[in-house]
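Below you will find one chain, with nothing else, as structure tokens; this is the form predicted alone, and questions on how it binds or moves follow later.
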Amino acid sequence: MSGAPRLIRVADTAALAEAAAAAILQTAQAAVKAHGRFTIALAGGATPALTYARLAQPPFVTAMPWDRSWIFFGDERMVPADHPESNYRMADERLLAKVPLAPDHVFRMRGEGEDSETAATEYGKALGETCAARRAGVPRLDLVLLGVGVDGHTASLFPGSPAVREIFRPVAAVHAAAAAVPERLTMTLPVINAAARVFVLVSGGEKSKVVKSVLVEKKLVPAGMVSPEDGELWWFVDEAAAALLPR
């Protein structure tokens, strides 16, 4: 059901990682009970990284249904898998390599090539073939994790980018001129908004203005365009990021 997002307001980054990990576990267990598998798209960034590290620790590491989990990525930079800027490398170091996931259950965006358009098409095909659930013809993930940039971007959907207006392709190639690694791949809003649940993880005082602009002022930056059409939207924010929100 679309509507107002659910706000989970916590004290600090450690509490955010704890709350997000618990919510991921609950979502995974419910998905497996409902239809036998759990599909999730991971996000890059420092705040999700803390959540992944928490998932790799007790009690979550033994409680998660890893054998029934399929892992995707919401976006990636066009870099090799072992590059310091790779979202895959970050997730692998903090989580994927530490849990009993079958290698064929992890779908990495191929950033090491030079042809981002082909990489986007291939990832969209893999997503469609692996994610059997659909909403209005679009792959329906059980959970999409997102972060938010100070400019309001989410995944690699940046303000003013043509990818923000994409209505057909599930995955798009992006050129973000201001980014350190401008060539990127990203899931598009049709896929994000088809998810059963979307968790937005935000921490730090530098994010307080963008949190207010999305949740209070309803600014149409990319993060403000995330609104699952038949699902739930949860924002996890620590007190620093929530500093400009009303109580």
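All figures in this text were calculated on a predicted structure; none of them were measured in a lab. Start at 1 with the first residue shown and count on from there.
One more form of this protein, predicted together with a small molecule, exists but is not displayed; see below.
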| item | value |
| --- | --- |
| Stretch in contact, per heavy atom within 4.5 angstroms of the small molecule in the model of the complex, of 108 to 116, 140 to 148, 168 to 176, 124 to 132 | 140 to 148 |
| In the model of the complex, the residue from 37, 207, 54, 197 that sits within 4.5 Å of the small molecule by heavy atoms | 207 |
| is_contact(residue 222, the small molecule) in the model of the complex, heavy atom dist at most 4.5 Å | no |
| Any non-hydrogen atom of residue 46 within 4.5 angstroms of the small molecule in the model of the complex | yes |
